[in-house]
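Single chain ahead, by itself, as structure tokens, in the form predicted alone.
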């Protein structure tokens, strides 16, 4: 089973690249952001709770995120693997994911980290807010906070996977097709 953590700050291209990876490798794409947004739109209790954190640019608590992800993974019978997009965001989540996958007789194959500078991220997020209408991308103060939270709380997850020999940095600047080629090459070399 091929299980990939697609990692990077907000606006690094995880969603775009996930679509391409799922197509080539026949993986299930699990985006915690999409799952939360769906629950928010449907006004579920989970969605309301998640919205209270997301609207401030904060991370949704680990326990809530982990329970949600576990239930999503278990919906699929005999998958070829998963792309975890936007998860794990903390070392505690990474450990919980490892423990859960181990209970399913599988593990993370590799972490691909899209690396993009802050100025480029801010520009991409503002542009995305215009195109997609995502409110969390429209406010420069929220964008700044999301990047700060990523740098302080999420970036350390790289070290967790580095220690396991699973971390691969990917240059996230350039044409979308070029970035996709870099990702394919990294997966093919490891798989």
Ligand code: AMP
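Numbering follows the first chain given and starts at 1. Please read these numbers as outputs of a predicted model, since none were measured by experiment.
Here the subject shifts to the form predicted together with the named molecule, a form of this protein not shown in this document.
At a distance threshold of 4.5 angstroms between non-hydrogen atoms, residue 58 is in contact with the named molecule in the model of the complex.
At the 4.5 Å threshold, heavy atoms of residue 33 reach the named molecule in the model of the complex.
Among heavy atoms of residue 158, none comes within 4.5 Å of the named molecule in the model of the complex. Of the heavy atoms in residue 122, none are within 4.5 Å of the named molecule in the model of the complex.
Note on contacts: among 127, 134, 48, 41, the single residue with a heavy atom within 4.5 Å of the named molecule in the model of the complex is 134. Candidate site formed by 20, 24 and 79: none of these residues places a non-hydrogen atom within 4.5 angstroms of the named molecule in the model of the complex. Contacts of stretch 69-91 with the named molecule in the model of the complex, defined by any heavy atom lying within 4.5 Å, are made by 86, 87, 89, listed in sequence order.
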